[in-house]
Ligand code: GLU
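Have a look below at one chain only, the form predicted on its own, in structure tokens format.
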């Protein structure tokens, strides 16, 4: 098996140090295993995605020395592929059209809140008859597409960083929206969890390496891999980069984009070296190395589970 990993930034902002560190770990693992590093741009958020951010991401990865073997691929150019997958789920009875209005959903959440229940969709439109669908469409309602989640399922995977992870499907919030609302008979804008899975299947991704904030998404995505008849890739959830207060590093903490570090005069090898040590340690204890030297030693058993604090000193 040829190892194939991917980095999939969204061009809704400049290349952030957290995304860049994830790219570093993907690059190191691909090169350690003699595999391939794929670049995918997740630009389906039409309002927030900007060409200048895409340019910033590409330039930042190149400046850091993180060259990619395939891509960049753009999700905005692959919408038909996602809609075909959604149609397959509909045809197989694994997804359905839900016609709830925003007001109805708000009322449902308010009732759940009053009962101290976690917010979740109650799957009320899962088993509509054709007549009920026709009547709802006659009211002029649009429909999202929801993927059926079996609440009795227990989802498990052996995370290469965290070991065995178990997630109860009943904690995933009910049947999952995989496409935005659209008019009768059409499929609206495909959403993140569906698009990611379709892309990973199509690009034959073998290992998904990303931040721990995606763990809940992983549980949902495993169900989609299975529903689409695909093998499930291996997952590695890396620790987040934290500020000095132990919170996730954000723009509020000052300089966090790679282009800003570059403008401040940091050199790429030093910045990559430091990012590599944010959550990983070399088995020989080395603290200064090139990307190629780190790749020779890289393994997930040296990646920490706890968050890594960014320290200006």
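Residue numbers count along the first chain shown, from 1. Bear in mind the structure is a predicted one, so any value in this text is a computation, not a measurement.
Only in words, not in the display: the form predicted together with this ligand, which the text now covers.
A.B. asks: Have a look at 156-164, 103-111, 183-191, 208-216 and name the one stretch with heavy atoms inside 4.5 Å of this ligand in the model of the complex.
C.D. replies: Only one stretch qualifies here: 208-216.
A.B. asks: With this ligand left out of view, which of 224, 95, 149, 196 would have a heavy atom within 4.5 Å of it in the model of the complex?
C.D. replies: Contact check passes for 196.
A.B. asks: Hey, in the model of the complex, does residue 33 get a heavy atom within 4.5 angstroms of this ligand?
C.D. replies: Although this ligand is absent here, residue 33 would stay clear of it in the model of the complex, with no heavy atoms inside 4.5 Å.
A.B. asks: Residue 10 near this ligand in the model of the complex, any heavy atom under 4.5 Å?
C.D. replies: Although this ligand is absent here, residue 10 would touch it in the model of the complex, with heavy atoms inside 4.5 Å.
A.B. asks: Does residue 42 reach this ligand in the model of the complex, with heavy atoms at most 4.5 Å apart?
C.D. replies: Result yes; residue 42 sits at the interface with this ligand in the model of the complex.
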